[in-house]
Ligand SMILES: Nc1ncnc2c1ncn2[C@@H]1O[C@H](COP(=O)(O)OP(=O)(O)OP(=O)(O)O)[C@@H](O)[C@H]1O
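Just one chain follows, in the form predicted alone, and it is written as structure tokens.
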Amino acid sequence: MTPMPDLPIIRIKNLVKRFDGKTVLDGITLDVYPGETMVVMGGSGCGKSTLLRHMIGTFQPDEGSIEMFGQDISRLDENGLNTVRKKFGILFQSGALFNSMTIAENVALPLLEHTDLAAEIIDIQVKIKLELVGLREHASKYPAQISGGMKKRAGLARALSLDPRILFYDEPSAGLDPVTSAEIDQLIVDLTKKLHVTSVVVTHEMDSAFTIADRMAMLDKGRMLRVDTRDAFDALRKTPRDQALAMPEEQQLIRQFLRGDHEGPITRRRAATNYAEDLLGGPIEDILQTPAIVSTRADGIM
């Protein structure tokens, strides 16, 4: 694990986000340190993608703060935010390549937009970035001509184009076969070591998470349940069932998620949902008290 210095490169304090009155992030606090790989994990709908969007400045918090490189990005104007964005790269879940451009042109685009480098220097930079991800010989191909795993690699090369200090990954293993997923995981590990970048990876793929993480953060229903080292989470994952039953329910929930068990607090919580309420859209008592048909005739008229 990478030794952690005193000052975080990302500091999130008491982050709250609501949509239509519903709290999606509920007081999230998280520090990410330079050079480490932080994996943010949790089930579908737990808020991890919303948290990522706050870190890249797409969403603004309702409460709390998000500091990056010592600046509260939630207080920056668009120009200030764009300056910060040049210091980080993003690998989107789909790769998000432009289909009308070759792989090389996709990687060159940020350099053309945000630097004054000469064309020959940009060409060299593109080749270096494609070599890092093993795609230099595919530079002239279009996205439609390459596999899903190669698209992820190309997206990563583009994310590296401006030599970022932070890399954000949104479900990097999504939609990939196990072998390709393992290759992407190893690429993340190698690039983090070679380039000394800080990585924040949002995923629910546990094999991937335990391969790449230095530390891990577990979200559930918009709350931060636990932030700890990979080894600490691994010890919880390997806790025998008889010992796990004596743990607090929150720890049992984390253990179930890490292991992918079909029994535990997560499945009990889902089973406890009242089917009739879900089907009819409200508490069954209220529904039964509301007439299905209301007469339109005036009182007393037959």
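A residue's number is simply how far along the shown sequence it sits, counting from 1. Note that the structure is a prediction, hence the values are computed from the model and not measured.
The protein also exists as the form predicted together with the ligand; that form is not presented, and the subsequent description refers to it.
Heavy atom of residue 59 within 4.5 Å of the ligand in the predicted bound form: Looking in the predicted bound form, residue contacts with the ligand include residue 59, since a heavy atom lies within 4.5 Å.
Since only the chain is shown here, I'm wondering whether residue 50 would be in contact with the ligand in the predicted bound form (any heavy atom pair within 4.5 Å). Contact check for residue 50: yes, within 4.5 Å of the ligand in the predicted bound form.
Even though the partner isn't displayed, in the predicted bound form is residue 34 close enough to the ligand, meaning a heavy atom within 4.5 Å? Although the ligand is absent here, residue 34 would stay clear of it in the predicted bound form, with no heavy atoms inside 4.5 Å.
Hey, in the predicted bound form, does residue 266 get a heavy atom within 4.5 angstroms of the ligand? Close contact is absent here: in the predicted bound form, residue 266 is far from the ligand, nothing within 4.5 Å, heavy atoms only.
The ligand in the predicted bound form: contacting segment from 229-237, 242-250, 22-30, 60-68, heavy atom within 4.5 Å: Heavy-atom contact with the partner occurs in 22-30.
Contact assignment for the ligand in the predicted bound form, among 105, 185, 171, 220, heavy atom within 4.5 Å: Exactly one listed residue reaches within 4.5 Å, namely 171.
In the predicted bound form, the residue from 204, 215, 85, 165 that sits within 4.5 Å of the ligand by heavy atoms: Partner contact (heavy atom, 4.5 Å) among the options: 204.
Within 4.5 Å of the ligand in the predicted bound form, counting any non-hydrogen atom, which residues from 31-46 show up? Heavy-atom contacts to the ligand in the predicted bound form: 43, 44, 45, 46.
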